[in-house]
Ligand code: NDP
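What follows is a single chain, given as structure tokens, in the form predicted alone.
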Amino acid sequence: MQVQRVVLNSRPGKNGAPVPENFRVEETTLVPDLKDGEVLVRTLCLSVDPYMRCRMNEDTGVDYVAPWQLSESVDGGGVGVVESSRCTTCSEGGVVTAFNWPWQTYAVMKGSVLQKVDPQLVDGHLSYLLGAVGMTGLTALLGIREKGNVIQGANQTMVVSGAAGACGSIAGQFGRLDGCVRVVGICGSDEKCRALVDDLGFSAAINYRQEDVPTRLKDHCPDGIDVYFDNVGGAISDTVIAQMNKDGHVILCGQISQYNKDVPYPPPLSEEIHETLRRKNITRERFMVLNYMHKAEAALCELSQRVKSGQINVLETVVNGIENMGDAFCSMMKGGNIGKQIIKISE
């Protein structure tokens, strides 16, 4: 059968932003001659995520994801349907998801890497399995629960950077649900600011491209900042940390502003910020959701219930067609998406 796939065509230059030309769409022939334990899947939708930027390098800089190889299929989060199976745990017609799904229209995969899912978990919105009721939602929920120290009735203020992205948009809503009296989002456009306040229930939003962030933080956080969900790093994070209260908590989730730079992860902080953290006894701990997968099942059930009940609203930016994967990835890295960036491959 004829299959389209996306391969890594080239690597970005040192300290370089990715460009669509780093990816190439190929036509290839797939022979679905299944071995025991294998399944043929048809891809429904794929995910692009900021962490993938490190996979474009020869060395990812982290030990839990491998680099993409030149001229080989790119992979990431995906959802699809089992077309045929020689695996006892995957039946034909079943919906499955995986963390390392090839960017292909069809693929032969080992059933052992696939997770069966009930479409009712997301009321049929299967793309949510890649976002709000998937790894992204787990990162937001468990990040806050494990590292945020949010306490009902404690009059806490939370700030979320990258707040209109896939993870930040969920994290801010859980900050509010778990008890923060103020949740302020930082993002990159007036449209995103409106979405955060009007659609997701944030107390306020700051457009860092147009507004003076230190001044606006003081306006919106008159009692200081107790919890900071950090998705971006860099100057914005330095500004937030400078206004944090004693005994505050930084949830170090991502550092997207630094991903195109040749620096270690997490990137080093200035001595001034180190001193602020020390003087105010602020905890700043790296959060890796893969360390908490023993809590994933219960958390996914909660995410499903919160989404289905309308307590958590889901925002998505959907692009159609595997040929647009490279464009969608590069747009996401520049903040072109609101909510989760999804690429729809088939119905």
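One-based numbering along the sequence shown. Predicted, not measured: the structure shown is a model, and the values here were computed from it.
Keep in mind that the form predicted in complex with the ligand is missing from the display, and what follows is about it.
Per the 4.5 Å heavy atom criterion, the ligand in the predicted complex is contacted by stretch 203-211, the sole one of 203-211, 271-279, 71-79, 106-114.
Taking non-hydrogen atoms only, M288 approaches the ligand to within 4.5 angstroms in the predicted complex.
The closest heavy atom approach of N22 to the ligand in the predicted complex falls outside 4.5 Å. Proximity of M332 to the ligand in the predicted complex falls within the 4.5 Å heavy atom cutoff.
Although the partner is absent from this view, G162 contacts the ligand in the predicted complex, with a non-hydrogen atom inside 4.5 angstroms. For the candidate set Q255, S85, T97, T239, a heavy atom within 4.5 Å of the ligand in the predicted complex is found for exactly one residue, namely Q255. For the residues Y228, F174, Y259, Y128, the 4.5 Å heavy atom test against the ligand in the predicted complex is passed only by Y259. Along 173-209, a non-hydrogen atom within 4.5 Å of the ligand in the predicted complex is carried by C187, G188, K192, Y208, R209, in order along the sequence.
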